[in-house]
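Coming up, as structure tokens: structure 1 and structure 2, two forms of one and the same protein chain.
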Structure 1
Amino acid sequence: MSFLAQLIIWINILTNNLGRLLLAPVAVLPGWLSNTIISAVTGVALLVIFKYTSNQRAIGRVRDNIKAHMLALKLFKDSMSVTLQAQGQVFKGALLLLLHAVRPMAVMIVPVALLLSQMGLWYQSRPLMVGEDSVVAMKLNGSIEQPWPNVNIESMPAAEVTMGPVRVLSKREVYWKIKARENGYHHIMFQVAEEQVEKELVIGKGFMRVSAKQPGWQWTDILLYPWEKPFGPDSVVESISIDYPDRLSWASGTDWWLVYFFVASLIFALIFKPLLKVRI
């Protein structure tokens, strides 16, 4: 798993740079528009990938077979034996379609995951606004029996610590409450035992790239929170997260951006399907 985590870190370096470049318009466009554009481009691109990574002839045969059995349901509807047989064949066809989708899914799962991680930086949370409160949580490595390190947060002009640290010993977590003061991308500095660590803090309006969590040495977290360099396996700190507020929007709000992306990309893929002669 260590190798996988390291691999994802390297890939993240590439995708962060690509994301910074390609998703930069998100900052200036309305959320619905940027998400629609990304969905359209992604839908068509993945459609093409699907075309060349799947067995189109076999999918075509299965689809034709399914359609034939669906039509048989209508043509011979008075025959229960034909109806049941046709139903069985349709189910079989649907399962075969799933099997035929495995290879393209395997190919697409990595780029799609990386893209969604990059999109999540923009849409999943909104930045803190000046005067707004939030909670910073730091999770420490080690077991609860281990000695508790000295943990301090350095003062900074961008945000004021209004409460904390509050330690939850059973979880080895430390919490601070902060109040945002200055717009921009900032860094909160922490002193943990002998180690100095930092976490990005984003304050502002509109769309900004927000990294809600600086992950630890866990490949799934590294994949999902790609922006900040993860803490190493030997670090005292496991992760630091900031509780950013939810963004409220059907097209680009928290969680909904994903639903919108999924539906819009599907629609664009379906629109372009006949033009690109892809059977799915």
Structure 2
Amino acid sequence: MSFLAQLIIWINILTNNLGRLLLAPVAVLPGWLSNTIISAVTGVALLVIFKYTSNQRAIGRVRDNIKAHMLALKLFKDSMSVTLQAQGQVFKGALLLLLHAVRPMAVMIVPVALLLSQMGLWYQSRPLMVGEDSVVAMKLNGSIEQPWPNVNIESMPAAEVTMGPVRVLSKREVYWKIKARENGYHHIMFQVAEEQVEKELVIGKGFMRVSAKQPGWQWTDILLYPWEKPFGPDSVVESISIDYPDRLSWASGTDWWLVYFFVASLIFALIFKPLLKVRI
């Protein structure tokens, strides 16, 4: 697991740089338009990947065989033996198509997961607006019985602490309530025992890259929250998160952006399938 976490960190360095460049237009385009463009490009790209990583000839033979047995079902519907045999061949063909899709799906799953983690930085949450309140949560490593370190916010000129720190002993968590004061990308500085750590804070309007959580040494969290360097396994801090508001939109809002992305990608893939001569 430790090697996997380190591997994802190295991959995130590359994808963060690519995402910074390729997804920069998200900041200036309407949410529905940017998500549609990304979905269209992704749908066509995945279609091309499927074409060149799958056995197109074998898929074509299976599809022709399915069509032939579907025709047999219509022509010999009064014959029970022919009907049962044709149905069996149709189900067999469907299973073969599924098996032929395994290799391209295995090739596509990693780049799609990395793309979605980058898109989530833009669509899953919106930045705080000036005057809005939010909650900052820090989770500490260690067991409940271990002594608590001194934890303080050392510097945060862009926001004001209005409450906290509040400790939840049973979870080894510390909470602060803050009020946003200044637009832009900022950093909250924490002093935790002898360790100084920081967390990005984003304040502004429109679309900005938002990292809701600085993860710990869990590979799933490192994949979901790729932007900030994760805390190491020996750090006194396990993770820091900020409760950013949901983005409200059916095409680019919290969680809905993912549904829109998959539906739009599928539609564009189906549109370009005959043009690219891809058999699925």
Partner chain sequence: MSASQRSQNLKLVILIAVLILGIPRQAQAYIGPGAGFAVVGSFLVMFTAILSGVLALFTWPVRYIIGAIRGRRAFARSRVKKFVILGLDGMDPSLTEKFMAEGKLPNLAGLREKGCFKRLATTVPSMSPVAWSSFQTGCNPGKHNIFDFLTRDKQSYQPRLSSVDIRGPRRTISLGKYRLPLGKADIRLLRKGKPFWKTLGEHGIFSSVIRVPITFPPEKFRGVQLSGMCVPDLRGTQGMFSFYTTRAEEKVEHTGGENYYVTREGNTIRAELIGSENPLRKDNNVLRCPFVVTIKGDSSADLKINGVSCGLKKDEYTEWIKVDFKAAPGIKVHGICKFLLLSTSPEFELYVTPINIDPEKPAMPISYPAIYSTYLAKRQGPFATLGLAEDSWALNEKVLVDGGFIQQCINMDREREQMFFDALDKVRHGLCVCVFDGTDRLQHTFWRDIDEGHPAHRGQASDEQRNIIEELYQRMDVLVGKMLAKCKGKDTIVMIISDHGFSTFRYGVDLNRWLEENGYLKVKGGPREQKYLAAVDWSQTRAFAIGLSGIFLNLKGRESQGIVEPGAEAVQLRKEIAEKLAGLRDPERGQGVIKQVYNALEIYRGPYKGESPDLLVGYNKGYRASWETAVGQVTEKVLHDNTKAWSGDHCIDHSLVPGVLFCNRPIVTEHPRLMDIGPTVLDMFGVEVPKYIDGKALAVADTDSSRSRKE
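Counting starts at 1 with the first residue of structure 1 and goes up one by one along its sequence. As the structure is a prediction and not an experimental result, all values here were calculated from the model. Superpose the two forms; the largest set of C-alphas matching within 1.5 Å is the rigid core.
Shown as structure 1 is the form predicted in complex with the partner chain, with the alternative form given as structure 2.
In the core-superposed comparison between structures 1 and 2, I59 has its Cα shifted by at least 2 Å. Once both forms are overlaid on the rigid core, the distance between the two CA positions of K213 between structures 1 and 2 is under 2 angstroms. Core-superposed comparison between structures 1 and 2: the C-alpha position of R172 differs by less than 2 Å. Here L75 exhibits a Cα shift of 4.4 Å between structures 1 and 2, evaluated on the superposed rigid core.
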